[in-house]
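Presented as structure tokens, the chain that follows is alone, the form predicted on its own.
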Amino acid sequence: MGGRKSVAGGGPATLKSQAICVSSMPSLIDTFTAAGQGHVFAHLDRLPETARQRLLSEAAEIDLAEIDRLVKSLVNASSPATVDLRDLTPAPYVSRPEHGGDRSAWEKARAVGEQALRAGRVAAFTVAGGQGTRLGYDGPKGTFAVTPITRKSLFQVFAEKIRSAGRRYGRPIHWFIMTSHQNHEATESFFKENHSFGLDAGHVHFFRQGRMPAVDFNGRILLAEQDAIAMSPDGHGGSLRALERSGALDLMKSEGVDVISYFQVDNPLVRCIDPAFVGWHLLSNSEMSSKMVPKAYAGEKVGHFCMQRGRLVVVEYSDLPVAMQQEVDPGTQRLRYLAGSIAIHMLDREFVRRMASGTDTALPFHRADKKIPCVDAAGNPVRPAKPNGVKFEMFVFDALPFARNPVVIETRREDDFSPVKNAEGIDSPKTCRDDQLRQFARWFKAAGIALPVDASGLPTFALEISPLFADDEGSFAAAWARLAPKPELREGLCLA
């Protein structure tokens, strides 16, 4: 199956499938039976052929030895796994110049990053397996419209940022997109229908995230239907295995890419290609680098960058005791555990390969007790009112303790982080739209053009700036200076 194939009609490139061919039905069933999981095929004889093949194909994806280890360590363990909070201290990070950081060091990092981009060493990588369910939207989250005026999708915003960077540095940038089994076809179709948003389709690569079966509290694999296993994505940490299994890492190597810019699909403000971040990663000889934002308040729901016995770790907000979250540094009077994780990383290609191989290092799985719709032994549907099983997932930040020379740099929240997660309230389409508008207003102000804004910096009328026109303050000032005549500053202004 190796390599990649072109989608008919000149569409985006698809990396090799991760599905495992079913070569021998009896041996597969025997293997499951020997592992105590033969009930998965209890209804096989009464299924039509297409349903039989579906069930067998799903079963062939499962690593039974891995499931056995996870059941023993996470499900049947005498005491539940707990997060190790011993010896934690706040992690150091590189401050931005306006917060005391070395401006010349930031300038050097940017120059090194730009050199790497001109050499074609950097690829973008978007984790995009989610659906828009929490937004009340039926479709892949990346197809959700987010911009204030033209209602561009998340995918289009990222595509234009990547196009802009490729144009600026004179090298097209490869973009790798991890989908899920649920949204893979819809995502590919969306790109094909939109002609990859002006990108060369040969530089846009799709592959599916891995899946794991859910088990009951006795470790037995659950069936979602008589002909379907209760499978779920293996978490954003599974992206490292998926990069390897799909052939993406081999493709990167053949194209001279050794730095991977990782970000999640729900954050349209993210700087997909940030030369200063690339530079800090390379200058530090880091295998995995991260961005942080200072926490807005003690209880903000972000992970915490910490040091633990000489290693960089991220401790989830739900795992760090409230008293520790509220600790204040007596010298600065700021939160002691200030560095919030926003799921933006740089990854060394061969580090990803090493983590994916699992030979000497591997991401740990985490247990999540869930209400999992399933069928009982007779094949009747069960819709549980309380958790009835366990899902297994990995977190990408769990790779940090294994990375050599990890570095954390500070970024400005207002220029890098405004996710769309909820239909209303915090991290909603409205808050994200307003944050985009505030960013545009700041760019105008930095260029010496005053827009009327309220006390929060929100413009009094809506406008929009495409990343193809500008993607930061400096590029906006230069692009605006070239405009002749200057457009009227008014409601609905779009600069593209």
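On a predicted model such as this, the values are computed, not experimentally measured, just so you know. The first residue of the shown sequence is 1; numbering continues from there. Under this definition, the rigid core comprises the largest set of C-alpha atoms superposing within 1.5 Å between the forms.
What comes next is about the form predicted together with ligand UTP, which does not appear here.
Note on the interface: of 298-306, 371-379, 216-224, 262-270, the segment with non-hydrogen atoms within 4.5 angstroms of ligand UTP in the predicted complex is 262-270.
Within this chain, His345 is remote from the site of ligand UTP in the predicted complex, having no heavy atom within 4.5 Å. A residue is said to contact a partner when one of its heavy atoms sits within 4.5 Å of a partner heavy atom; Ala248 fails this definition for ligand UTP in the predicted complex, lying far away. Contact between Gly130 and ligand UTP in the predicted complex is found at the 4.5 Å heavy atom cutoff. Residue contact check for Gly279: none of its heavy atoms lie within 4.5 Å of ligand UTP in the predicted complex.
None of Pro275, Gly166, Pro233, Pro406 but one reaches within 4.5 angstroms of ligand UTP in the predicted complex through a heavy atom, and that residue is Pro233. Interface residue among Arg367, Lys421, Arg413, Arg96 relative to ligand UTP in the predicted complex, by the heavy atom within 4.5 Å criterion: Lys421. Three-residue candidate spot Arg110, Ala116 and His174; no residue lies within 4.5 angstroms of ligand UTP in the predicted complex by any non-hydrogen atom.
Shown without its partner, the chain has Gln209 as the single residue in segment 205-221 with a non-hydrogen atom within 4.5 angstroms of ligand UTP in the predicted complex. Once the cores line up, the CA of Lys370 ends up 2 angstroms or more apart between the shown form and the other one. Relative to this conformation, a decrease of 3 Å or more in the Cα-Cα distance between Gly132 and Phe397 is found in the predicted complex.
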